[in-house]
Ligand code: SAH
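Just one chain follows, in the form predicted alone, and it is written as structure tokens.
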Amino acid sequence: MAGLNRDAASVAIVVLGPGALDTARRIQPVYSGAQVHGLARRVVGADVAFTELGEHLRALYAAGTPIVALCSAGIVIRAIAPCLANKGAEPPVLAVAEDGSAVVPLVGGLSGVNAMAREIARALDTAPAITTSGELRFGTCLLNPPEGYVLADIEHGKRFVSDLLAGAPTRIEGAAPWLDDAGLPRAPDARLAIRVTSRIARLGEGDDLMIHPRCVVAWVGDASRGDIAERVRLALREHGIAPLSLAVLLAPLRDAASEPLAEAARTLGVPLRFNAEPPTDASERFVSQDIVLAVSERPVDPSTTGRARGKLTVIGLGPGSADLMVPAAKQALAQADDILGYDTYVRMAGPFRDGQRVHGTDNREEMQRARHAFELASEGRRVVVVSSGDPGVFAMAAAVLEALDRAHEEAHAREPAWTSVELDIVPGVSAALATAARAGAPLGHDFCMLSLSDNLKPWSIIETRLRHAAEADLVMAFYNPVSRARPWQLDRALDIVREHRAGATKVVLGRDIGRPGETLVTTTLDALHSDQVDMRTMVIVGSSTTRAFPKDAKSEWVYTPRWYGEKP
């Protein structure tokens, strides 16, 4: 599709009610990675939930996400109106009737909105409502060349199309196969020309429509020298190559972690890829010091040029419900090539798009999982490791960092493969925080989190920490409170706490908070027994100041005041 990057989750199909869901699912297969966004209180089964339409549409628009909204055009226009500023940088936005009977392109003429309208209309077996005069007359939008090509000057392009609409003929110089069947007025001696070239415009070509194929790879041999972006621009200018023809920045893998290289790619607006040597299959090759320009006859696909810098993202799914997962975690999942984690958590992270590889393992294989994740990411893949709650709280972030730390220490692993991987850790809503929020604010003052599992630390250490936390009058959140292998440990922990805490101390038990069938119980330290708790229960033991008062006939609010000692 012209102008639209079909990357994972590139299209948001927005629905407001259940009546539009069937139409949305008919559109979804047209775009790989597209997701259905549903209004939370009305739509069940959407891929992404949102609570306020206008805010959600504006956020999608600001992020450059193509939008297909199954509602009236007026609703969409009013929602995104404050964002409409730069016509050349807007994403495609379309309104589609709930029953699929109408497809209306609204904005994004220069980013492929009319092409999207035709594709969606074909899927729905209807006619798109295209109103663009040039596209209606010629059957194509000259100002929106296909992916791999870019218009040199949009304002000049508008004048060029106006001249054609007024009756002036044109000729085509260069390879433009997408225009073969276009209804353009043509003449071999026409004054106006459509020039498809990687070269900078020459004198006398000012009236022509310049379209540049993105066919140039710039190899940077030394990432330590000067302003990389400026050096590449100088090399392009020296050899008469249009900057817009630059398709990709290429560098040796040893420089994969170079921030100056990443900044240069951002400045030049091209992907950054890595390869051992400069390209050897280009039709032309120019050298300017350590900059090698490889020029091909056709557009270059960056995804097949060298390889990307691998990225490993460790995320927390939150307590279990999709609306409590942070947006950055959802984005990482949508963009991932590979998803790794404990089987139960991996299932919670779905559904997955076609092409994503899922690697579910046993919960006790954390180090093997972390190493596997680095191996995949070091191949240039986008990898996500999932944890429940927050990945840094008794979860996979520490295991991933430990694996990387060990790799630094092992001589055979000092090659750049792992160290070149971009590592990102995305926080999540931990079980303690989710349970506390359901109960009120029991963690409103100083608190600590303790795991009662002695799999990775001796029980004597756990007892010491429990005793100190109890003596310090901290609110305590217990992870891994009991299991079939150690049913006695919670009772022993409570005995220690009772030595320092009154029997009336409030205790909150949250089981499967954020998941179907969640339960929340408020009790006291005296009344608490281990048979009320299992591995899926979060136990929060209050401090001496933790209070409670009725919420309704069956439950109460629990909170720990922000003050300590005498009430202010």
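Note that the structure is a prediction, hence the values are computed from the model and not measured. Numbering starts at 1 and follows the sequence shown.
Omitted here: the form predicted in complex with the ligand. The next part is about that form.
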key: Partner contact for Gly109 in the predicted complex: the ligand, 4.5 angstroms, heavy atom   = no
task = May I ask you to state whether Ser430 is within 4.5 Å of the ligand in the predicted complex, using heavy atom distances?
result = yes
4.5 Å heavy atom contact, Asn480 to the ligand in the predicted complex = yes
task = Check whether Arg511 has any heavy atom within 4.5 Å of a heavy atom of the ligand in the predicted complex, and answer yes or no.
result = yes
query = Heavy atom within 4.5 Å of the ligand in the predicted complex: which of Gly389, Gly306, Gly310, Pro92?
reply = Gly389
query = If you check Phe394, Phe138, Phe286, Tyr149 against the ligand in the predicted complex, which one has a heavy atom within 4.5 Å?
reply = Phe394
note = TL;DR on 500-508, 513-521, 24-32, 38-46: the one with heavy atoms within 4.5 Å of the ligand in the predicted complex is 513-521
message = Pick out the residues of 518-535 whose heavy atoms come within 4.5 Å of the ligand in the predicted complex.
response = Met535
